[in-house]
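Only one chain is shown below, in structure tokens, and it's the form predicted on its own.
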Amino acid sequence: MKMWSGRFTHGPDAEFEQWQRSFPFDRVLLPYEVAASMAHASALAKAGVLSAEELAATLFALDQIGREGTPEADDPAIEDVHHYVETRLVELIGEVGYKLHTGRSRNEQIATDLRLYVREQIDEVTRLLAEFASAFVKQAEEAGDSAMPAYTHLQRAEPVLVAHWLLAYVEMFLRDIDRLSDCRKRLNVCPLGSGAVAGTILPLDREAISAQLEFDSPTANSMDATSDRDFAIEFVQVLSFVALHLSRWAEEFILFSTAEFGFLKLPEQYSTGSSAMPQKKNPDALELIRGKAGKVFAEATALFVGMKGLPLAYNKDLQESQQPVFSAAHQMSSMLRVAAGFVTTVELNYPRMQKAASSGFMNAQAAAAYLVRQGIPFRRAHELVGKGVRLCVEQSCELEQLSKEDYALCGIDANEHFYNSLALEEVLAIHNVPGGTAASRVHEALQTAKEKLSQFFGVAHACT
């Protein structure tokens, strides 16, 4: 029986009936529909709609429906997850099952179910992000004081510690965790009791319902509650940030895995070969992460476009807000699991990175800094060292290989202390500021990252 058929004399067109069904995709909301229905049933009993015996039977049947798991979508008569639960409930306990819908609407039900779903997905993505960031922390610990080139404009710029580079990604993903936390705070209000648009027709205890479902409070306005999907948009927007960061990371690791860089060895567990070229090992996992990021961006766009012209309150268009959320959450969870596995198993080529950090005039700024400490204005020091670089290019050598006479031609008095300032260890050490790549600062940053991540699963896990 349809949940709305009493007013109609004709059944729906067969094609339209199947076309408008949401059960093939919203059935994943079954656990949340059951939980929300249990809270509503308790409120109905408190309001005198259900007797104690009817409440017990209803809760027992709802629990059974939940334990049965996600149903198949093969019954064409079932419209949506709400219709399924009611139909199954009546099968289990008879006419009493029809009482459950007293004082509520599917408009508030889907708004509640979707909030519960998104809340759980936030917790899951947060956990996966923390595990992923912890894999970077572990790699940073293993890197010790190894160095590598840092790049601007994809040109060698200055040397940094490998750990400093890895921790840059940790910062990105910690920001994503903060965004998820903020989103969770805003979504954690309960629409139940909002009715179809104007509020429930019964004196239901909305505070008790909210508390039972672990929401912070009931929603403040019934019209907003039944039509709001800001929380869904915000959630997928945050996932877009995560996807953006994953894609940037994947791109850089793809570059660094090439023979031209050779900074890392692709793990075979996350690579494939070529059907034509026997020698190939391709970064398919990274390329797919980079590609799938676009799908997450697309889901965010779909939500924005779908919502932009909707008047208050509920419109059937909102049914189309579910699949982008489900898709983005699924894509993100799978991407993060693969990404964490990749970072856990990847091997970094420290000797190759260290060698690259010692060439390409990346100590030029350190040379200028030395001159500044001798009282030479930076703009003048920049020009003098630039002349030295030009001379190196002509002689095919590095700054530390120029003679004192060569430096004299550039206007630089190159003494022993000047040459010492060009050594890789000294170049790294002068960046001794919070957030800099000096070894002591990176060790501090590593400890801070471990402490931040420890709150998610314990210090031992974050550090191993």
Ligand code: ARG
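Numbering starts at 1 and follows the sequence shown. From a predicted model like this one, the values you see are computed outputs, not experimental measurements.
There is also a form predicted in complex with this ligand; it is not shown, and the following applies to it.
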Residues in which of 383-391, 213-221, 318-326, 284-292 have heavy atoms within 4.5 Å of this ligand in the model of the complex?
318-326
How about F241 - does it come within 4.5 Å of this ligand in the model of the complex, if we only consider non-hydrogen atoms?
no
Under a 4.5 Å heavy atom criterion, is Y350 part of the interface with this ligand in the model of the complex?
no
Looking at the partner-bound form in the model of the complex, is N107 within 4.5 Å of this ligand by any heavy atom?
yes
Is D80 near this ligand? Define near as a heavy atom within 4.5 Å, in the model of the complex.
yes
Contact at F361, N363 and D406 by this ligand in the model of the complex, all three, heavy atom at most 4.5 Å
no
Position in contact with this ligand when the complex is considered in the model of the complex, options Y314, Y270, F256, Y84, heavy atoms within 4.5 Å:
Y314
Go through 24-42 residue by residue and record those having a heavy atom within 4.5 Å of this ligand in the model of the complex; state none if no residue qualifies.
D26
